[in-house]
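Below you'll find only one chain, the form predicted on its own, shown as structure tokens.
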């Protein structure tokens, strides 16, 4: 079978690219291993809600138009939104089709699936960056009678064994799950490494109102110092709730969650934690307040001081005032589960190793895959802008990458005609 472009993945990024290709009358197919929006349907815990408010849920040619623009969509609601998007422009999606290999073939590529082969001039990888859990090496040292869970396997507190739970990682996922599990009545210890602290609302507006309006979400990858580090930062400590509450280490500690430093190793059933928790928190506090100062300066420059509340500053994280816990005997302390909220990685086992780095990530510059003309990737954190980490980033990313893809196809045609 032949087509100009194969798009791999029918999530919101893959469909956004499909929409852009359809607008340019570029022949293509979208290949999806499950259903449209498969990961939103099958790989999210039950209570998950977007970090971004509904008004920021936008794709090319479609935006949220429901009754709760300031709310936060559930995974089911996101899946419904994305499914409706595919139907809206009749995306050429082949569901239930698994890609098993992508190889250079002649002047283009051969995409092998369990339903046959496609020959094409270009490939768009939109299979996502969160297919597999990124487990640290210490996960292998968890005692055999302590169950190991990840956010991809966890659905609700009832999935966990009775007893104390160690949550490792303090990104948005880590703090949300520590909060949920603790509220279910289980004792929880949260192991904290580098994290990004943000208030849910600032001066009366959602924090994303500020970062969107102030242009922070639109900062391009070429403008960001150390883009590799920026792409690997944890997601900010936020939670989407009807009361728009903030969540951070102090609020968790106040509710009864035990906070410890970064998990370093487990030796003879004893978990050992870093003693640098205070420094880690001080750095997160400093960066958060530095951002708020930037937002204040923008508000002054825009003449908005009279339209929003007064400037605020986050109080220093206070849990560090107590003596840090450096060791915990998992058996004696009653731990029965460890949940590693330590990030994700893509599943690219079907892709040629030459375009993948040693950590299993695609080598790319703003979504243009290095050393593989005609292959593009979408759906990665800070792909082309800070906004790329969120659904609305698909609007600008897909527009720019579709133009680059179009130019690539035109160049092929020109070379053949010479």
Partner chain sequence: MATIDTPVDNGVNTEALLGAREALGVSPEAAAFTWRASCNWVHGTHSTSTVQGFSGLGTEHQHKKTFTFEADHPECFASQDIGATPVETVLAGLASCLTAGVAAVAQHRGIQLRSVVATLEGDMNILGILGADPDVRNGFSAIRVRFDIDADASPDDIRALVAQSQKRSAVFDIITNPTAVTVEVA
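The model shown is predicted, which means the values in this text are computed figures rather than measured ones. Numbering follows the first chain given and starts at 1.
One more form of this protein, predicted together with its partner chain, exists but is not displayed; see below.
query = its partner chain isn't shown here, but in the predicted bound form which of 133, 136, 187, 275 has a heavy atom within 4.5 Å of it?
reply = Of 133, 136, 187, 275, the residue with a heavy atom within 4.5 Å of its partner chain in the predicted bound form is 275.
request  = Answer with one of 105, 140, 304, 326: the residue that has a non-hydrogen atom within 4.5 Å of its partner chain in the predicted bound form.
outcome  = Contact with its partner chain in the predicted bound form is made by 326 alone.
inquiry  = Partner absent here, but in the predicted bound form, which of 205 to 213, 148 to 156, 279 to 287, 86 to 94 has residues with a heavy atom within 4.5 Å of its partner chain?
reply    = Answer to the contact question: 279 to 287.
Contact test in the predicted bound form: residue 264 vs its partner chain, heavy atoms, 4.5 Å = Because a heavy atom of residue 264 falls inside 4.5 Å of its partner chain in the predicted bound form, the answer is yes.
request  = Answer for residue 117 alone: is it within 4.5 Å of its partner chain in the predicted bound form, judged on heavy atom distances?
outcome  = Residue-level check for residue 117: no, no contact with its partner chain.
query = Any of the heavy atoms of residue 243 lying within 4.5 Å of its partner chain in the predicted bound form?
reply = Heavy-atom contact with its partner chain at 4.5 Å: absent for residue 243.
message = Can you work out whether residue 331 and its partner chain are in contact in the predicted bound form, taking contact to mean some heavy atom pair no more than 4.5 Å apart?
response = Contact check for residue 331: no, nothing within 4.5 Å of its partner chain in the predicted bound form.
request  = Determine the residues of 223 to 258 with a heavy atom within 4.5 Å of its partner chain in the predicted bound form and present them in sequence order; the list may be empty.
outcome  = Heavy-atom contacts to its partner chain in the predicted bound form: 226, 229.
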